[in-house]
Every structure is written in structure tokens, then in C-alpha cells.
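Single chain ahead, written as C-alpha cells, the form predicted alone.
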Amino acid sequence: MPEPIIIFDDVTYTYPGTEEPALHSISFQIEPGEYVAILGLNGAGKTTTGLCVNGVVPTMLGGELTGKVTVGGLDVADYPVREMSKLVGMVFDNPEFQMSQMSAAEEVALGLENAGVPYEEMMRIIPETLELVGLAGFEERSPLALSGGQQQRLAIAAVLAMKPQILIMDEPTSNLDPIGKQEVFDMAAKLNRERGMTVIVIEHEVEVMARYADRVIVLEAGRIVMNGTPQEIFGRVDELAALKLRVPAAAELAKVLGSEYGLWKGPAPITTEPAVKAINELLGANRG
């Protein structure tokens, strides 16, 4: 069995100038090719966890980190971020703020230039990468002329051009319309499913995470309070409500049908299709 690609071993981290740690004794592992969702309220430590994976914490931001973060067999505390970028790509919530070049091709080329990739190789990588994210033929298009979903896919392309093994997306759809959100989530699922890329998504869109994620990690005040499959986590409706976190509508409906009307037994569905099927079966049985 392959070694975990990411290992957090009793990690506690405190930002410079603060007394309260942002992360408290965090321990977990992520396997190669897993799709992991990280959930929690603002300030729970989700972004800090992602920044530990790509080495921004602690090598760029400073502060105090105890414990150990290992990514691809490397201790992130020993490697600069430019080295970790070959393993880990990170995309943030507002793609427009990440755009600095005049064309989509130049945007993808920026990281390659900084990594010293030869020009001829860059000219091969750029169109291949844009095609991968559904932006073939957009090489000369200004990033600012793209839709929000297209901008986010371009940001992902700039990351993918570096050929990382891990893609982290930190609330990548918070500023997008429903179509743009679907474009980005479909893109991440495709990379995970067809290319075996390890994907970590920090998100509040629980319906999407219930559909795509292999595992869900829930943080509260810098601590892991839940870690399991989507079925295990989203079935704990009352506990998630106590944490002020949303649950998929299907799971919430099943909870109401079970607790208030006695119509639901067994594991609650967490996505729409099985919920509709089960409710139709319940209705049919009651009619009979």
C-alpha cells in the first residue's frame, strides 16, 4: 500500500504576534488520489491547514510550529515554497486577484518562467494545460475578459502547469455564480477521477462535498472534531448543527422524516438522487 502523501503529526501552529494557536495538536493523513473536504466556520483553521501543506506556514509567514507536516516524504519546514510548489498547487477564493498578466497564456507561463522551464517546453505545456481545464484557444484572451468560472479555471491551469501532485482549493467558488461553481467543481472532480490527483477542497458547499469527496474533515477552533466519510459525517446532523455548520438538504430531510414522523430507518442519504428514490419508495409503501 502506498505511503500517505500528506501527514500531519501533532501539529500546533501560532501566527506571529498572536498568543492563541490557530491549530491545536492536529493529526491526520491523506492518501494519494484522495478527494478530501475540509469544513468549518471562519477562523476554524481551514486555510492555515492548507498553508501548512504548501509550506507557506511556517517558512514564509514565520510563527511557531511544533509537530511535523510531511508532504510527499518531505518535511515542509525544511523546503522553500518554490520547491513545495512542484508538489502542491493552491488556488484561492478570488481568481481576479491572482491575475497579473495580459493574456491567459502569459498567466500560465508565469510560474513556468520562475521555475526556469525552457521556452520550447513552455510553448508545449501552455496549450495542453489550457485544454485540460476547458480553455483551449483562449491563449490570447485577457484574463479580465473571462467569466468568473473561466478565471478560476485559468488559475487552476496556472497551478497545473507546474505538474503538482496535490491541488488545494480554498473556497474557490465563494465569488462565483451557480454556473461558475459547477465548472470549478466538475474540473476538480475530473482531475481527481481521471488523473489521480490528490484534491483538498476548503468549502461551505456541503451538497457538492457530499457528492464528490472521499473524506470530510471538520475543524472547530483549530481542532479536528470529525474525520470520516461523507456518509459518516453528514449523517451526524445534530452535531453539525451544534457546530453551526450546514448539512446536505437530503440528510436534513431524512433526519426530519425519521425523528418527527418515524418514516426513516437506516443511514440517511446525503445526496439528492438516493433521497428522492427513497422518499418515493416510502410514499409508495405508505399508499399500499
Partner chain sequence: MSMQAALPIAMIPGNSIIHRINPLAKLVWVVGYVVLAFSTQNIIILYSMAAFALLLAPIAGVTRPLLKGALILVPVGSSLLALQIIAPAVERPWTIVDQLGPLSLYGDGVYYGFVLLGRIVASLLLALIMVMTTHPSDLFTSFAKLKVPYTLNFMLAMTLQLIPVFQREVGIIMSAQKSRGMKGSGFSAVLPSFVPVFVGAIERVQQLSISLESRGFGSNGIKTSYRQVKGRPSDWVIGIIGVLVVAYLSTISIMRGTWSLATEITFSPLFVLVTFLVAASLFACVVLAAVLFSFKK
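Numbering follows the first chain given and starts at 1. This is a predicted model, so every value here is computed, not measured.
Form predicted in complex with the partner chain: not shown, discussed below.
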The partner chain in the model of the complex reached by all of Ala22, Tyr35 and Val71, non-hydrogen atom within 4.5 Å:
no
Evaluate Glu106 for contact with the partner chain in the model of the complex, applying a 4.5 angstroms cut-off between non-hydrogen atoms, and reply yes or no.
yes
Touches the partner chain in the model of the complex: Val88 (any heavy atom, 4.5 Å)
yes
Contact of Met99 with the partner chain in the model of the complex (heavy atom, 4.5 Å):
yes
Quick one: does Ala158 come within 4.5 Å of the partner chain in the model of the complex, counting heavy atoms only?
yes
Would you point out which of 194-202, 212-220, 181-189, 113-121 contains residues with a non-hydrogen atom within 4.5 Å of the partner chain in the model of the complex?
113-121
Residues from 162-189 in contact with the partner chain (non-hydrogen atom within 4.5 Å) in the model of the complex:
Met162
